[in-house]
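Before any questions on binding or motion, here is one chain by itself as structure tokens, the form predicted on its own.
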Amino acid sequence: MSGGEVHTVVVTGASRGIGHAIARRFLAEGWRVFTCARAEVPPECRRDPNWAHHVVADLADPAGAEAFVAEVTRLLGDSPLHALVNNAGVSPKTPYRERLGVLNGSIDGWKQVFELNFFAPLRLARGFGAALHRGRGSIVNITSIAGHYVHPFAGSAYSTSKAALSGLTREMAVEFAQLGVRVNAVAPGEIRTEMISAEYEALVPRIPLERMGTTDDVAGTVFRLCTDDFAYVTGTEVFVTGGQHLY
């Protein structure tokens, strides 16, 4: 950051897991953070003066996404936005935690997955476009290794929505370049969070670095993509997989 200016970031899905780690990394670097999630963030985070505002919102509902954009836009006023991190996502399972494939599950379920995983990032990017232009900012879409090969546990709707988000990242990079805004994606592999179940341990032998990733591994990559160190990088997808995507 230059000239003593406080930079501002919007992070979605920030109440836990990867999104929460991303928000905390930006806080640690002195950024002002606006967040949303379907749940509240932990109380200790709300006490940080730089955690400017948290909105409980369902971004799978177009009205919820629009309301979130409107509220943050009101709070920003004419101030610039320097980064948007589209992290919120959903990967539904059956009641028996089975993988939802192409032949099972409802089509309406697919639509709900795409609303959050694909259309919400599109709506937020559009909604914050002017503020990002003022900040000559950066958008980072959180995709997934599952968007690039058939994953044994991630469902078909999730995997396909993340593949679509990868494609959208490339399209956004070209269009948002006209606004002076960079757009990249980060594709995590097997990241240890409270949502990861025991069967994921079986995938570790297929990871060259021989461990599951941490939320901080992802958060650090996202943060760096939003800094001047990557000022000439746009339209790129960074794999944070420990090398798993090489197989």
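Everything quoted here is computed from the prediction, not taken from an experiment. All residue numbers are counted from 1 along the displayed sequence.
Although it is not shown, the form predicted together with a small molecule is what the next lines describe.
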Worksheet item: Even though the small molecule is not shown here, does Gly137 get within 4.5 Å of it in the predicted bound form, heavy atoms only?
Response: no
Worksheet item: Though only this chain appears here, would Thr193 touch the small molecule in the predicted bound form if you measure heavy atom gaps against 4.5 Å?
Response: yes
Worksheet item: With a 4.5 Å heavy atom cut-off, would you call Val222 a contact of the small molecule in the predicted bound form?
Response: no
Discussion item. Against the small molecule in the predicted bound form, would Asn87 count as a contact residue? Criterion: heavy atoms within 4.5 Å.
Written reply: yes
Worksheet item: If you check in the predicted bound form, do Ser15, Ile142 and Pro188 all have a non-hydrogen atom within 4.5 Å of the small molecule?
Response: yes
Fill in: the small molecule in the predicted bound form: contacting segment from 167-175, 125-133, 70-78, 143-151, heavy atom within 4.5 Å
143-151
Worksheet, complete the sentence: Exactly one of Ala28, Ala39, Leu179, Val204 comes within 4.5 Å of the small molecule in the predicted bound form through a heavy atom, and that residue is Ala39
